[in-house]
Every structure is written in structure tokens, then in C-alpha cells.
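Here we start with a single chain on its own, the form predicted alone, put down as C-alpha cells.
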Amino acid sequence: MMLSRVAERVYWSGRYLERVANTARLVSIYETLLLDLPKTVKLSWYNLIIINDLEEAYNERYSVRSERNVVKFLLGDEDNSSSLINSLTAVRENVRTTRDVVPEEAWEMICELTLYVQDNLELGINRRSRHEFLEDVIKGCLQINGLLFGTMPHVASWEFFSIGYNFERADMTIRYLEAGLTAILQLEDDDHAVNSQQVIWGNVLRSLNATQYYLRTTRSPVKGQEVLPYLINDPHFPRSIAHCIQSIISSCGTLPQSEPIIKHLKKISKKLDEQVDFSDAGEELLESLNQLQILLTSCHFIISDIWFPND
């Protein structure tokens, strides 16, 4: 038996650790995308604020929607609860209070990564050193995840950690797809449009380390009507929404009183199977992803009601 507060902290450790890596990936890939697109294509860094539903919090802090302000807000702003530094601090605090169920080496690596980010945050804000800094953060998260997977007993504590990071991973995959669609909707209808779309979807795949497996699985060039269904429905790719949902169902199935959340997750899986016209990268498809994200977000409240009741 696990105490509900321990289960909740392990769950949030998984969510926040994945959020740290995803935030680093998002900033890094968006910067690459802006460099790859023709100079005639004008995309705003503020799109990252919109994608993460942070408009209100950002506008309270900044009046200018500049690259530096957006990157600073996403990486190091202490008033942004979802910033990279705050997410990493939350990982450390949740693991600190559950050290009896988390490997000691993981605690040490989390502390080291937190200190590195705190001491070098300005490197991530400055354009010249940003890529290397973000790569270090992503690698640090991968090392911690690998250590946990390889050494943490796959009992209830592991299942709650797994639920947390798969939940966060599915959420961020939706946000990456929304980012791609948003960028495409902002393209002008000119001679560069087709090539620009390919660049955008190529960067979405790269952000999820999916390029190699997408090409091998689909045997198709990079285009939206193939990228979207692959990242939504492929049952084998670990960052596809379908794979994350199935992993959460599997973890929940090992825990008591899981029927309500499994029923809700199967509802989401059924929605993923609905026929969608992926060739029309328009507002209707964007709204469909938004509805999917709302369904996914509601999972957290069901999980909380079942396993994390208020003391």
C-alpha cells in the first residue's frame, strides 16, 4: 500500500520531469524552425505562449512580445509556474519528499541538473549559447528517465510515475501538432508555401525524435496528412498520443479502483480512431486537437479524485 500523498508526489515527479524536457525541446526546435523557413515567412515567438495557454500570465509580466521575453518567460521566469526552472524545482521537491521510493542516484542527478540550470540559465536566454544549454537539459532528463526505468522497481510507485510522464508526453505531443498547424495557417499562399509546410512538419517530427521512425513506418515524404496520423495514432512510437494513452491504461490497470479513469481513457482512444481529413490543415483540425486536449486534461481530475484525495 502507498500513501496517497506519496503516490501524488511520484506522479507529479513524472509530469514535471517530462515538462522540463518538453519545454527545452519546444524552444530549441522553434528556434531551428525560424532559421529554416524562408525570410518571407514571419512567425512570432509569442506563438509558444499561445500554444501553452500562458497568454494571461505572460501579459501580466511583459508588454513586448519579443524573442528574449518569450524565452526568458518559458525558461527562467519564477512567476511562470510552468517555466523550465520552476518545473525542475518541482521535480526536486517532489523527489526529495519521496526518496524512500526513488533511487538515490536519481535524486543526485536531479540535484545536479537543477544546479546546472540555476547557474547557467542566462546561457539559455542568450541566442548564441541557447542550443547547447537546451541540449544539456534534454540529455540530463533522458539520463534521469533511463536510470529510473532501469533501477526503480516496477511496482505502484513506478506506475504513478509512468502515468505522470505519459500524461505530460501526450499533452505536449498535442501542443507540438497545434504549433505546426498554427504555423501553417499563418503561411501566405505563395510559391514558398509547399516547401515551408514541409519544413514545419519536419521540425515537428524532429522535436519528438520521430523523423527516422516516421520515414521507416510510412515510407512517405514529410507532409502533414502523413505526419499528423503518425504522431496521433501510431501504436508503437512512444511519443504518439495513442501509445501514451495505452501506456496510461496499462499502468492504471495495475492499480486499485481504476475503472473510472480507464473508462475515460478508452473514450479518448475511441476519439483517436475517428475518421479525420488530415489533408485539410485548417481551423477545423486545430479545433479537433483542442477538444482532444480538453479530454486529456480532464484525466488529471479523475486521477486526483481516485488516488489523491484531500487529507
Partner chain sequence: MSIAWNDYPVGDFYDEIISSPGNPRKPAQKLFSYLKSLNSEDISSRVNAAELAIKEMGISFTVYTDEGNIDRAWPFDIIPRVISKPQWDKTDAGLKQRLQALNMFIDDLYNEQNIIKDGIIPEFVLKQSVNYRPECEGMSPAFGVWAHVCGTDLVRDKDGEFYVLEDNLRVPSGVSYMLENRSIMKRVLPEVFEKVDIAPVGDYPQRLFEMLGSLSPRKIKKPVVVVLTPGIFNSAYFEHAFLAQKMGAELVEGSDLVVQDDDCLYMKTIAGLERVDVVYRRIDDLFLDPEVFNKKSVLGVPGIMRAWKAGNLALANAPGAGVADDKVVYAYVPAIIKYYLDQDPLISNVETFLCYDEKQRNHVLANLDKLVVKPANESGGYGMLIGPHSTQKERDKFAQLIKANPRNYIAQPTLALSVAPTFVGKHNTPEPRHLDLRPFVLQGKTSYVTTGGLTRVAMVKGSLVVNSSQGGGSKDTWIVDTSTEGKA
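Just so you know, these numbers come straight off a predicted model, no measurement behind them. Positions refer to the first chain, counted from 1.
The same protein also has a form predicted in complex with the partner chain, omitted here; what follows describes it.
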- Flag this candidate site as yes only if Phe133, Pro229 and Val276 all have a heavy atom within 4.5 Å of the partner chain in the predicted complex; otherwise mark no. no
- Item | Contact label in the predicted complex: Ser4 to the partner chain, heavy atom within 4.5 Å | yes
- Close approach of Arg96 to the partner chain in the predicted complex, 4.5 Å, heavy atom: yes
- Query: At the 4.5 Å heavy atom threshold, is Ile268 in contact with the partner chain in the predicted complex?
  - Reply: no
- If you check in the predicted complex, is Glu108 within 4.5 Å of the partner chain, heavy atoms only? yes
- Note on the structure: Answer among 134-142, 168-176, 230-238, 153-161 for heavy atoms within 4.5 Å of the partner chain in the predicted complex: the stretch 153-161
- Query: Between the options Ala183, Leu84, Val102, Val199, which residue brings a heavy atom to within 4.5 Å of the partner chain in the predicted complex?
  - Reply: Val102
- Position in contact with the partner chain when the complex is considered in the predicted complex, options Asn59, Gln257, Ser66, Thr40, heavy atoms within 4.5 Å: Gln257
